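We begin with a single chain expressed as structure tokens, specifically the form predicted alone.
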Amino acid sequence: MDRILIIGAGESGTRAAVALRESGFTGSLTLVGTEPHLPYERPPLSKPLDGAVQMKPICGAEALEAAGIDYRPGISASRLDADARSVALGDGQTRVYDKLLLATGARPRQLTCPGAERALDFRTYADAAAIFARAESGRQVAIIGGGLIGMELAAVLRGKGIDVSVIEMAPKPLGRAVPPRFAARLHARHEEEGVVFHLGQGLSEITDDAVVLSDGSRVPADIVVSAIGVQPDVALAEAAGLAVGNGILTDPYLRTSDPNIYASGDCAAVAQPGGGHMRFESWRNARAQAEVAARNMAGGKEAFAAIPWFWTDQYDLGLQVAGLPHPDHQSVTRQLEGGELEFYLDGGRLVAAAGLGLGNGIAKDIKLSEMLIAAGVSPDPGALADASVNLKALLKSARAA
């Protein structure tokens, strides 16, 4: 095996290319990306500095060249022929491979109401640059979608003195991924900062100066941003006959239904020990999957087993969630100075933890909670609730046991 091709130059694809070299792969390595820039990280897009959108490179041009990674920017993949082990590219070339990694990521879901074309997406550097270039003090912005991305953007825009309205079909924002107690606190904080919410509302139309809701009311808007989530980009894989569902289906080793093709990042739906497949949508999981896929393409056999994790910063508050909290889990809260933790037990075993606090104040506790989850411990709920009981001591005891 001396030819590896990676389609997708986001976090997962780029990290996989670097990891392949680090694992000792010395063959031909090509990284193909649709955007014209060097590979960059997406989280900083919602956090402009001095009004300018940040482009934080994952890997510089010199580092790519030094690693012998043939980076092909601004090129899409138009067709995958799994039998011939080849990919036709948008520049007219066809690349053959021995192993292929699909790191095609996800695409923004599209609005379907009249005037939907007036709404701006918020996914790429170009999207962010367009939004912040137009967003000036005195402007009115309507954000459609009260999930993590929409709420992060709302916080940044309010910090710039811009009037913000959030329109959400659900009865409350942040309902899908954030534990209810923390979602409620973030919602309240946004209202304190002046964000106006229109909840439980569908869309009727987007006009030049407003969003018309399903009840006929109008939300004035100079700029409309669509933040209704993403869907995995499976078009290339599906057309090639690979197994897909809510993502490109892989086994625990990130192999697709074709043993020479792997998938990682937002496009991958990974087989779970209890059955079914799961997509892990976060920066850290994209990176972790990239490293596992790289080692396996280079000849290893390592199952992906990372604990789901994500974070969000809104105003001066930081939220982190590790594991998969569920309403049926027993919950235990711990009050901290300037923050709060919530632990989730399933049959007595710690399976998830979440924290909300000032700045990065709860990060250490969440990291220790992750380690407790990975250790499979069944801690005393009273000890979890008692802030005087050190989580590091609990971990040490668990490891000793």
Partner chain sequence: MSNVITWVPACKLDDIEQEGAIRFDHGGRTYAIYRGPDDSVYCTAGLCTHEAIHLADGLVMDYEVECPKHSGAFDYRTGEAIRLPACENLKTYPAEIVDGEVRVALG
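The structure presented is a predicted model; accordingly, all values stated were derived computationally and were not measured. Numbering follows the first chain given and starts at 1.
Note that the form predicted together with the partner chain isn't included here; everything after this is about it.
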Contact label in the predicted bound form: residue 284 to the partner chain, heavy atom within 4.5 Å
yes
Though only this chain appears here, would residue 28 touch the partner chain in the predicted bound form if you measure heavy atom gaps against 4.5 Å?
no
Give a yes or no for residue 309: in the predicted bound form, does one of its heavy atoms lie within 4.5 Å of a heavy atom belonging to the partner chain?
yes
In the predicted bound form, does residue 338 come within 4.5 Å of the partner chain, counting heavy atoms only?
no
Counting only heavy atoms and a 4.5 Å cutoff, which of 362-370, 64-72, 32-40, 344-352 contacts the partner chain in the predicted bound form?
362-370
Contact check in the predicted bound form: 15, 44 and 390 versus the partner chain, with a cutoff of 4.5 Å between any heavy atoms. Do all three pass?
yes
Quick one: of 250, 289, 226, 320, which gets a non-hydrogen atom within 4.5 angstroms of the partner chain in the predicted bound form?
320
One residue of 313, 238, 136, 81 in contact with the partner chain, assessed in the predicted bound form (non-hydrogen atom, 4.5 angstroms):
313
